[in-house]
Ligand SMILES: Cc1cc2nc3c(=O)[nH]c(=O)nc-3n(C[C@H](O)[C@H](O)[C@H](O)COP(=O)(O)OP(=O)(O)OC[C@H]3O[C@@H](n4cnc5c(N)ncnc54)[C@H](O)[C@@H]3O)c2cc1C
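Quick heads-up: it's one chain on its own, the form predicted alone, in structure tokens.
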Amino acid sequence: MNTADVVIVGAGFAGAATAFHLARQGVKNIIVLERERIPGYHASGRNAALGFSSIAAPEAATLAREGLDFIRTEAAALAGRSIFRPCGSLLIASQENTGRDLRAMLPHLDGGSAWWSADEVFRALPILQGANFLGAVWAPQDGVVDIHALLELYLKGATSRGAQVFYCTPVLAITAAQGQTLEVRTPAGSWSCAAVVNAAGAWATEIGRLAGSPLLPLEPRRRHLFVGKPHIQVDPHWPFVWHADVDTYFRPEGDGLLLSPCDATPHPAVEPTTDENSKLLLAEKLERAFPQLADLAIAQAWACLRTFAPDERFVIGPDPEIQGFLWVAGLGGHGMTTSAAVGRLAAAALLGEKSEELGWFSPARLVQRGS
């Protein structure tokens, strides 16, 4: 039986950022277990790399601003180069109530954010001509992140301080041992530890069940992304554009565009395949949201799983019944942007800190009682 201070299940953004912050706090014997052969194989490595803070939920928006600030400043210093391309974002509204909701976010966004009329948007981005909308929130502080560099930075920061990462190492069992310890069994061996961090993304419910947690299941949802070439020349400096009413977005990717129909179909925690119907959904949404992109030629498609709690709030903190078992899951597609803040919170929770912030994301709210 090997020993560890902390075993973290999952080497995506949630697990890697938690390891990074724990190592910074002086925790040395950290073991990260990853079922795949590389880190970030699933959602952490397949997302659109959008670093944005225009999030309706204020608690998540606060974490996103903290995460973006880390990416723009400290991560750049640690990497020795910028891993962030500032391009700004436009969050578009076509309905009055949506526009009102978007404008209500402005006081909570970083300086420079503003409400742009449709005419102002058209002048900045002619490709949107012909679209029917009222205006948009312009957030100049947003941009595109080098997601692989960010994930590597977290893992390197942890391993340089003594953490170890094991790949191709799925968790088979988690059991309570004598005293204040948990035992984690894998095909590569077993570890006795004081704490286990469940950062398994779409597999978080499965890991929770192995530990005997009473939490309600988290739900993986499949989302598709596409790369396509429009008939209009793409300017690589365009901001990313998200239509809040139609719920679809695009951003420059090389000489083409990366796009998503923002589908969120419940999906088992297995490798997601692409669904041909998602292309039809994208075409239908582009026709309504961005008519000039309606004849886009699709060159590439893939799918990933984003995971949600029943109330769609993050799940960060100690399990209410399994001593030493901590959740860092249900990040709902915001894991990359918020990762630095999520890792900080997870490390704080593991080290016994309490705060209003942690209370908001506490797993205790999800306990299934009376069943």
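All residue numbers are counted from 1 along the displayed sequence. On a predicted model such as this, the values are computed, not experimentally measured, just so you know.
Separately, the form predicted together with the ligand exists; it is not shown, and the next lines address it.
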* Asked: Can you check whether Thr181 is within 4.5 Å of the ligand in the model of the complex, heavy atom basis?
  -> no
* Flag Ala349 as yes or no: does it have a non-hydrogen atom within 4.5 angstroms of any non-hydrogen atom of the ligand in the model of the complex? => no
* Non-hydrogen atom contact Arg223 with the ligand in the model of the complex at 4.5 angstroms -> yes
* With the partner left out of view, is Asp319 within 4.5 angstroms of the ligand in the model of the complex by any non-hydrogen atom? -> no
* Asked: Does every residue of Phe13, Gly201 and Gly335 put a non-hydrogen atom within 4.5 angstroms of the ligand in the model of the complex?
  -> yes
* Listed range touching the ligand, judged in the model of the complex by heavy atoms within 4.5 Å, from 189-197, 166-174, 293-301, 95-103 -> 166-174
* Residue among Ala43, Ala309, Ile31, Ala60 with a heavy atom within 4.5 Å of the ligand in the model of the complex -> Ala43
* Asked: Quick one: which residues from 315-331 get a non-hydrogen atom within 4.5 Å of the ligand in the model of the complex?
  -> Leu331
